[in-house]
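The chain below stands alone and is given as structure tokens, in the form predicted on its own.
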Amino acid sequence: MNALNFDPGICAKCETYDCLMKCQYMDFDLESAREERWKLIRGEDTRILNDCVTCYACEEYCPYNNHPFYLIVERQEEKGIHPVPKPIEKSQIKAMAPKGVIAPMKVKEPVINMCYFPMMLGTIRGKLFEGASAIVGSDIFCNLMYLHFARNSVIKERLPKMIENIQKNYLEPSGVKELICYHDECYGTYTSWAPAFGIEVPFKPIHLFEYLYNRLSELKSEIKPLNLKVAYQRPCSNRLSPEIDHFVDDIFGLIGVERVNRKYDHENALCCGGVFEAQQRFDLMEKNQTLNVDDMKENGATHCVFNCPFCFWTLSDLVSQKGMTPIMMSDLCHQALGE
């Protein structure tokens, strides 16, 4: 098994304890944060392991990139803690397992990795994705969702083969060196999780938003400004790549969209609540969804923009009930091009 690249010495030098002090779901004062974090590092019982909602945020809060969330997940699995009920965990791990059947395909750049979202293939269309190849399926699924299940071992077991499948069956035979990641989870897997566990990624991952921004810049003369006020629902897996967030504003600037100034955005973003439902924390789910969506509406948003399909499926009904339009980022960009 690949060991986590975690340095206790870095934690010893840290005096702010941002990984815990900034947590929106657990309350700590400075002394309790210090005490509980060292329990975590030493592998002792700590309330962190039972109270963590697996929102990924502490990965972003750590100023040293020392992977506190990955350590939490490692400790949860070591101690047999199951954030999601075992029947749900087992059924999901089985249902989304690789099938072992993959047909090599000649691909052309740009290659869009749709991960395990075949239902989203319809978004890869028009001028925005002209000439693109899309790949999808359980045999290229990043498996990072099992962080929510405290099952790092599943990711460690499956990911190397998924990477090999992508490289050997699609990219290498076609002479392609870059992979556009449709979902934040895939991008975070290749740029954060894999390096943290010493797993080599032989291709260059590109976030969908960087691709969209570059493509829209090429098509700038064809853009019709949308003149909308929107809220952006930041997915928890984007916590693994906060450097990407500026592309949201860059894209909105190109297509004539204003990102409303609200409380639960950027570093203070709230989880969509889908993970809380899986964890059967229904009170927390309802509370956070209400705070989040009311915050969008009260600050003048007419649309809520998503990149994560799970976030979309979880929040779209509630967003619609509040009189706002839920829309995927790629579809918003299609609209700006008149498609």
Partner chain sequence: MDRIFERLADIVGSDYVSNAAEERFIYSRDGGVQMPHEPDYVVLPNTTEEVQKIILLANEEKIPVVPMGGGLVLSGLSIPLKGGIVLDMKRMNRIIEVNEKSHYAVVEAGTALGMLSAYLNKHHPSLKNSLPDAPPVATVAGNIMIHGSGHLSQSEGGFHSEMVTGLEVVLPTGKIVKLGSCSTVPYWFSRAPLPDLAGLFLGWNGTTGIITKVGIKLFPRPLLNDGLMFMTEDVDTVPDIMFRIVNTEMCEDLTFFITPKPAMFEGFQMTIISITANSEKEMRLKKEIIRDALRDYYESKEAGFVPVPKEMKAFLLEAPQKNLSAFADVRKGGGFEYVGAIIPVEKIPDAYRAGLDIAAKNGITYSLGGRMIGRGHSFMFYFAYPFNRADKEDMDRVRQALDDTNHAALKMGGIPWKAEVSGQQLILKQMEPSTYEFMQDIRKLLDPNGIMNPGNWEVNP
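Positions refer to the first chain, counted from 1. What you see is a predicted model, and the numbers here were worked out from it, not measured in a lab.
As for the form predicted in complex with the partner chain, it is not shown, yet the points below apply to it.
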Exactly one listed stretch (299-307, 57-65, 283-291, 27-35) reaches within 4.5 angstroms of the partner chain in the predicted complex by non-hydrogen atoms, and it is 283-291
The partner chain in the predicted complex has a heavy atom of only one listed residue within 4.5 Å, and of Asn268, Asn261, Ser91, Ser153 that residue is Ser91
_Site test, Ala103, Glu178 and Ser217 vs the partner chain in the predicted complex, non-hydrogen atom cutoff 4.5 Å_ = no
| said: How about Gly131 - does it come within 4.5 Å of the partner chain in the predicted complex, if we only consider non-hydrogen atoms? | reply: no
Exercise. Would His82 sit within 4.5 Å of the partner chain in the predicted complex, counting heavy atoms only?
Worked result: yes
Would you classify Gln321 as touching the partner chain in the predicted complex, given a 4.5 Å non-hydrogen atom cut-off? yes
Point to revise | Close approach of Lys86 to the partner chain in the predicted complex, 4.5 Å, heavy atom | key: yes
